[in-house]
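Presented below, as structure tokens, is a lone chain in the form predicted on its own.
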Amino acid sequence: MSVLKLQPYKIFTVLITGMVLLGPGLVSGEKQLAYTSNTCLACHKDEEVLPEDFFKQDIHFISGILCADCHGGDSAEEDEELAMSARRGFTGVPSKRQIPAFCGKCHSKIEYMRVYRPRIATDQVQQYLQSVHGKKLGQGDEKVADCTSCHSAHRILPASDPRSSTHALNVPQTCKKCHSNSIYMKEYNIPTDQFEQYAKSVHGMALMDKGDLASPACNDCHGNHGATPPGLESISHVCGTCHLNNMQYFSDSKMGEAFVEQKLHGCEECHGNHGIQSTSDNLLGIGEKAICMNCHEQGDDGYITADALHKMLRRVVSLYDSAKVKRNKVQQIGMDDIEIGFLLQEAKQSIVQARTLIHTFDTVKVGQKTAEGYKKTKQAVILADNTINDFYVRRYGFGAATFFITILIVALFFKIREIDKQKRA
């Protein structure tokens, strides 16, 4: 059949089908052409001297940014001396100290970068030069991390790619390469157990064991290109990035003011840094596990306040735990627990808010919130008790009714038999 005789919609179908079938081949052909016409790649491949980390899925390579775009030279020239001549702009492999500027040739130019990623930051080099790594590199220390230490050189992948060394799940391992090497880090006189602590922390277990990408990795607290240990004034704000209310309450409290005066590190003093453990009510108060006792002694204001706050929480939490048991009982016997659930949900919210308000160290505010939770929990307990009682009342009532009905049926049976006998007689 002639194409001219095809209906318009059939012509459209044929064109689309052809694009689907031939499209991947055309794209693949373009990449293959770029690969084979690149004498840098061809020669290095033939000589088996491709960079050790070379990866064809590298974000630069798949974007059409090839060897000469970074290293200079002429990748279309087959003569090695000409291809790698200064006249052709060949710069070769940068030295350690040249790497930030080397990468910054492109990554510091918004006009260039917006072609590939319109929203990407272009101040990474400036940040790096102000970081601990950048400053030490500027002083001649070539052991510190540069761009390639974290991103690699020839297998750079987007941070969103799970294979990337800068993907959230992989960041701890990337930092660990240097910071857990006690021999390599010896001259810097800093701990090398950060990774081990982090891996056992509430943050580390959430990220690395459960895959929770909302949990912070090293760079979320220390920064990326501008990596620097949080200082005295910034550490509360670093934690406050996620724990906003806790930070605000603490900063506005008398305790927060005292910490500033005594130059203590806000959140870190109580919760630690790399090895942060899951919080519990036992950390508050005057018990063996209470961290309040690290600073306060029996009889002082802090001791009294800590004891009072802990008792407020335990009072409502104990009742809440009992209410949950009663609700489970209601569910087991098949009774309606919807209203009980709503009450417990409201009570739970009050408990969460009370635990956050602990950072105000204000017994009045915490007391008001725990009282709200206690009231809702008490209502839930009463409703659960009434529901359970109703169940047994109904059950006993049903049993009694069944008993009397059975007696009635038996009596009726004998009465019918007696009537039958009289009729026969």
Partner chain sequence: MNKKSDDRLLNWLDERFNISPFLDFMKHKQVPIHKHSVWYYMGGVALFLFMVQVLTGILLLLYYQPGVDSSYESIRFIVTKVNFGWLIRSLHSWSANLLVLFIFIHMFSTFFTGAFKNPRELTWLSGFILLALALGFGFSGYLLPWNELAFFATKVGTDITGAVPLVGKAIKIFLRGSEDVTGGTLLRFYAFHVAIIPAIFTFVLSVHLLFIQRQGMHEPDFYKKLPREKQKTIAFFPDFFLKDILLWLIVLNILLFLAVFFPWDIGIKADPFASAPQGIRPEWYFMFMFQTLKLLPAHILFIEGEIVGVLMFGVGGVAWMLLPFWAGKINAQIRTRVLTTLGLLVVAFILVMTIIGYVM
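Positions refer to the first chain, counted from 1. Only a predicted model underlies this, so the values are computations on that prediction, with no experimental measurement involved.
Separately, the form predicted together with the partner chain exists; it is not shown, and the next lines address it.
Annotation: in the predicted complex, residues 180, 202 and 313 none come within 4.5 Å of the partner chain through any heavy atom. By the criterion of a heavy atom within 4.5 Å, residue 56 is excluded from the residues contacting the partner chain in the predicted complex. Among residues of the shown chain, residue 332 is one whose heavy atoms approach the partner chain to within 4.5 Å in the predicted complex.
When contacts are judged by a 4.5 Å heavy atom cut-off, residue 336 counts as touching the partner chain in the predicted complex. With the partner omitted here, the stretch from 40 to 48, 389 to 397, 63 to 71, 370 to 378 that lies within 4.5 Å of the partner chain by heavy atoms in the predicted complex is 389 to 397.
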